[in-house]
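The chain below stands alone and is given in structure tokens; this is the form predicted on its own.
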């Protein structure tokens, strides 16, 4: 096995021992900026396809001798290197043992990407919502390890896995803790609002216009009716036509080269939308609804999580088409019931909202100042205390310094 992986084996006559010399070498991509999680302020380093590079990037940020890296190989033919990273006195031993147990049960011929691992070890493989967070940022992995979570690094892929993952964490961007807490809170709240809009806007429009126009002001109802004059399809068919067209444009933009993909998405959306309105196939207000939905969906930082919202949006559209607002609300209640039951490695998916731990709510929809977040997430970390709040000592020292300056000024006078 050592020879097959690039090492040199030295055989010495007269002895039964073999010396293995580490001489591995292979073409590797250099460390570059992450393409899927770009930030304005923050580190510009991203994971690569080389396992050792990735573990070194994490260890560079955690200079703690209690940081552990447990390595194993999965794949009867590929022998892919898998690394489990955690901080020994912060991560719960039960969580680490469960991660090791689930990984050890995988029996497959080859592991080519971390997505293989994700499907094998997630709690509910039939759920639309991801229960494991994938990231290509080493600073995100380091921050998760400091919270008591466990990271899984897989060779040949630039994406590391973080467990457990919660509904709240998928709305957090990498730079939320690199900018001041007030703009970070506003931006985070905007993401939650955008996620809600991307989920319910088309269904809400279909329900109101088709079943409950009486709840709208008269002027707005007349405006919508005038905009839909001459459109041969009901609102649900309009929504499906535009939503499917947009999804095709987005998929085509992803598969095309980078420079061409953006142009195809923008030009295709403008041309097709304008042509559909002029042909009387869809109404202008439906184009606005779908455009707002699309823009809102791009505000969700995690791609896998936004995919779940995209799929569930179509379910809400059909439920609103059959039962109006009642159908839409019923669909949302079913989604909420599923999320309440969903878990990620024993942690409730809606944590800390369902457990309602006051200290954990400081870094959810809002992000309070750093000096107020003294504790780690209580439901995840083993070592609860994160820091000693010395904010008052800093302010006290500043006041003493100002007082001394004032006394020196009076003495000079």
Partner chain sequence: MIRNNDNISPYQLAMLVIMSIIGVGVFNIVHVIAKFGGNDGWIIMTAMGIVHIFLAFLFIRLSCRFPGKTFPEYIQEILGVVLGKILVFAISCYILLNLAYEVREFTEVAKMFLLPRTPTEVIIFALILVCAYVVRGGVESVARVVEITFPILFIPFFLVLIPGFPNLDLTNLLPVGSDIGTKFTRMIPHAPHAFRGIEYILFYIGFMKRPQRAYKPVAWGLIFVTGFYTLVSVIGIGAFGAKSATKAIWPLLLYIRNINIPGLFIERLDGVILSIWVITVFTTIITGFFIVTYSISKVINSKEQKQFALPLMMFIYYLALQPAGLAELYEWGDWIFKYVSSIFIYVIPIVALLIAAIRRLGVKKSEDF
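Residue numbers count along the first chain shown, from 1. The structure presented is a predicted model; accordingly, all values stated were derived computationally and were not measured.
Below, we turn to the form predicted together with its partner chain, even though it does not appear here.
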Practice task
Counting only non-hydrogen atoms, choose the one of 184-192, 299-307, 152-160, 316-324 that falls within 4.5 Å of its partner chain in the predicted complex.
Solution key: 316-324
Handout entry: Residue (of 76, 100, 180, 212) lying close to its partner chain in the predicted complex, criterion heavy atoms within 4.5 Å
Key = 212
Practice task
Taking 4.5 Å between heavy atoms as the contact cutoff, choose which of 110, 256, 340, 271 touches its partner chain in the predicted complex.
Solution key: 340
Practice task
With heavy atoms only and a cut-off of 4.5 Å, decide whether residue 132 touches its partner chain in the predicted complex.
Solution key: no
Practice task
Evaluate residue 354 for contact with its partner chain in the predicted complex, applying a 4.5 angstroms cut-off between non-hydrogen atoms, and reply yes or no.
Solution key: yes
Practice task
Tell me, yes or no, whether residue 329 is in contact with its partner chain in the predicted complex, where a contact means a heavy atom of each within 4.5 Å.
Solution key: yes
Exercise for the section: Please check if residue 369 has a heavy atom lying within 4.5 Å of any heavy atom of its partner chain in the predicted complex. Expected result: no
Handout entry: Heavy atom distance at most 4.5 Å to its partner chain in the predicted complex, all of 218, 333 and 345
Key = yes
